[in-house]
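Next comes just one chain, in structure tokens: the form predicted alone.
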Amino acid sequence: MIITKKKDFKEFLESIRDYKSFFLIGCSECASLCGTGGEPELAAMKEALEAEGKKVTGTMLPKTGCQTLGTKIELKKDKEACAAAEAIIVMSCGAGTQSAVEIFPDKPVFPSNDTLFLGNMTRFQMFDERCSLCGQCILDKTGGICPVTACPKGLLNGPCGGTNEGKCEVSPDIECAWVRIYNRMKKLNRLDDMKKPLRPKNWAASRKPATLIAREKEEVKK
């Protein structure tokens, strides 16, 4: 899931100072779980904006804010409320904000959140970054633990010299990724696999901006 945090409200107000009316869009998935764009947060933002003399023409919680076409269809019922707003506030991730830019090409769109990383929710509203979206996954070779993300140096073939009693030299709060990988591979009886060095990663696989068309090509019927 995409992890977000709320922007400082005073700084956010400064970014929208030139506008008086807004339509709010949240997200029922990642942002809701992060506590940055669900129903309670939409209601709180509406109240906070109105306390500052702003007008909120309406709010909407799409199923998935970054699903551009789906969100556009869901917004049809709020056509008048959207038209009445000078600007759009998106309470999801950067992808959701850019979906709104496509949906509202003639209106300014403002994000109320900062987008942080792709992560796992370990407990309620507690998140760990576990994937760097590198485009060339090696989890099958490292026991399901990603050294690109879990190691601050992104080392691919073992720990650095700063490892101390299983901890990372960057911080004693960080477990050494390669100690974790070793212990995991030992438990799985796969230590021999660690004798095979990993090749340098093809970082071109994570070039920006990336695109992917996942549709299967339809067979031409004769």
Partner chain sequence: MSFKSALESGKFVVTAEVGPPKGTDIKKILHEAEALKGKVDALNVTDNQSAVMRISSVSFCKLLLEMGQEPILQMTCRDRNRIGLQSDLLGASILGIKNVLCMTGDHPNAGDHKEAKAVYDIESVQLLEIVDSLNNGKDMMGNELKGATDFYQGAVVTPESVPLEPQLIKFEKKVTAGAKFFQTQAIYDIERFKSFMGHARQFPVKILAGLVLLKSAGMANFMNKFVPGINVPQNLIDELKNAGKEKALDAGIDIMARHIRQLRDEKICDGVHIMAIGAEDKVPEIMERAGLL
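Positions refer to the first chain, counted from 1. What you see is a predicted model, and the numbers here were worked out from it, not measured in a lab.
The next section is about a form of this same protein that is not shown, the form predicted together with its partner chain.
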Is G53 a contact residue for its partner chain in the predicted bound form, using a 4.5 Å heavy atom cut-off? no
With a 4.5 Å heavy atom cut-off, would you call P152 a contact of its partner chain in the predicted bound form? yes
Report whether the minimum heavy atom distance between F9 and its partner chain in the predicted bound form is within 4.5 Å. no
Would P209 sit within 4.5 Å of its partner chain in the predicted bound form, counting heavy atoms only? no
Since the chain is shown here on its own, which stretch among 53 to 61, 66 to 74, 33 to 41, 174 to 182 would lie within 4.5 Å of its partner chain in the predicted bound form, judged by heavy atoms? 174 to 182
Joint contact, G166, P197 and W203 to its partner chain in the predicted bound form, by non-hydrogen atom at 4.5 Å: yes
Of the residues spanning 138 to 161, the ones with some heavy atom within 4.5 Å of its partner chain in the predicted bound form are P152, K153, L155, L156, N157, G158, P159, C160, G161
